[in-house]
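Presented as structure tokens, the chain that follows is alone, the form predicted on its own.
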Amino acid sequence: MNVLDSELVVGALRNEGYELTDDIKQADTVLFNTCSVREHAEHKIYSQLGRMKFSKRYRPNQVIGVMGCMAQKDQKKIFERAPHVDIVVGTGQLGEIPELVDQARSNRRRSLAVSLGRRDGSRNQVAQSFESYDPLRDPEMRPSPFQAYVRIMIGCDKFCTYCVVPTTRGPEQSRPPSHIASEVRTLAGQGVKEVTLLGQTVNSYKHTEDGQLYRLSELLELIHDTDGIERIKFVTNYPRDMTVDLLEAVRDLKKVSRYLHVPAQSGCNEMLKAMKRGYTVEEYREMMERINSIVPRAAVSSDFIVGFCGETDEAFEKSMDLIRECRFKNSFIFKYSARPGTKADDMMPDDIPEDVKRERNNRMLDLQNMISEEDNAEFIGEQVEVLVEGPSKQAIKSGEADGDALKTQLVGRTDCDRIVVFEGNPRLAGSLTNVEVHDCTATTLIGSIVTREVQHGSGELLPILS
């Protein structure tokens, strides 16, 4: 979500004549896009802002802004902690940033632009204050020139007790399918091969247009045949909304990735109830059975919180058991940190010592890595189809990707979202190619190209050097 927000803001600023710089010391405008999911992220932003006050002393015309979730949550508090900040802009007002920057530069007055709080109006009024769909896109801000995010819905109505998203992103609301389809066509025209549909609970998508109800399954079918698009993903899913029609769409639509990210958060019913997740471990297991039955060999990843309020050793071990049973492709594991404004922070003691949280985090990570490595090993000797993203981080860091190299280490992802590294021509970026896997780690498949020539998006046949 934040990567996409940054792209939209940069697109809007470019439209007003601004250009990006990679040197913050040369910037006339500095915007911090922020996250509030974890406390550490907020501490980093306030530290960065603290350093910026010295920059502004010598560049009094500089505009400094804070945007995103932390801006919506902290609002005037940001001005109090960092008086040199000029604008604070919430998640629903991102389209106003170019005008706010110009105003701050001309009149040197601070501006606060945020949405209504969840209790500051009717649901419709609050929802309208969060609407911000900027059609301007900027390819330079994407994960790669061939991959792009598409927001299909904003907000969340689940109100998990640990989570600030319903406050910082507002009520759940889905975009019209015709708008989404149009945006996907635009991206395809820009050379994008893979789109990832975004929503806080993306599989809760629901919108009626021209008398037809569109759920996520119908939306996938609508955009599936877009010329130029090769892969379609969607994140993040909510367990109770993983319906049969959606899984059948994943199974039947060739371009839809066989990858599902479905956070569990805990394997203990008592913890799930305290988190107000809205399902039981038994229901999560039933969901996994549906996935495995309808979409065999689908890759499923998850999220887990360790050290949540009142989590006993027994509760933690139940989470470990769920990971052993489900064998997730990977899991994002977080130590619980209380977030102001959430029910957990208001009503539950953060009673698990930090060293216990750290030990549980490490144990769970070790277990997940072992499972990931074992399951990745099953691909050794197999051929997998990979969407090539470009040179790997290692190749870029070492300088191998510079110049006109005919061969370097490339990286891509399989249909089930597994990362693959292999040697090949950098011009393969954006194409689909077959790779034979001959080794692996817990996070990566390692292989070599097995095809002799691959048709690039331009229609040119590229030779593969062996």
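Numbers follow the displayed sequence, beginning with 1. Fair warning: this is a prediction, and the values are worked out from it, not measured in the lab.
The next section is about a form of this same protein that is not shown, the form predicted in complex with a small molecule.
Taking the partner from elsewhere, Thr196 is found to have every heavy atom lying beyond 4.5 Å of the small molecule in the model of the complex. The small molecule is not shown here, and in the model of the complex it never comes within 4.5 Å of any heavy atom of Cys440. The small molecule in the model of the complex comes within 4.5 Å of no heavy atom belonging to Asp350. In the model of the complex, at least one heavy atom of Arg277 sits within 4.5 Å of a heavy atom of the small molecule. Out of the listed residues Val63, Val37, Val411, Cys416, Val37 is the one that sits within 4.5 Å of the small molecule in the model of the complex by at least one heavy atom. Only one of Arg142, Arg258, Arg151, Lys335 lies close to the small molecule in the model of the complex, with a heavy atom inside 4.5 Å, and it is Lys335. In plain terms, the part of the chain that comes close to the small molecule in the model of the complex, with a heavy atom within 4.5 Å, is 300-308 out of 378-386, 114-122, 359-367, 300-308.
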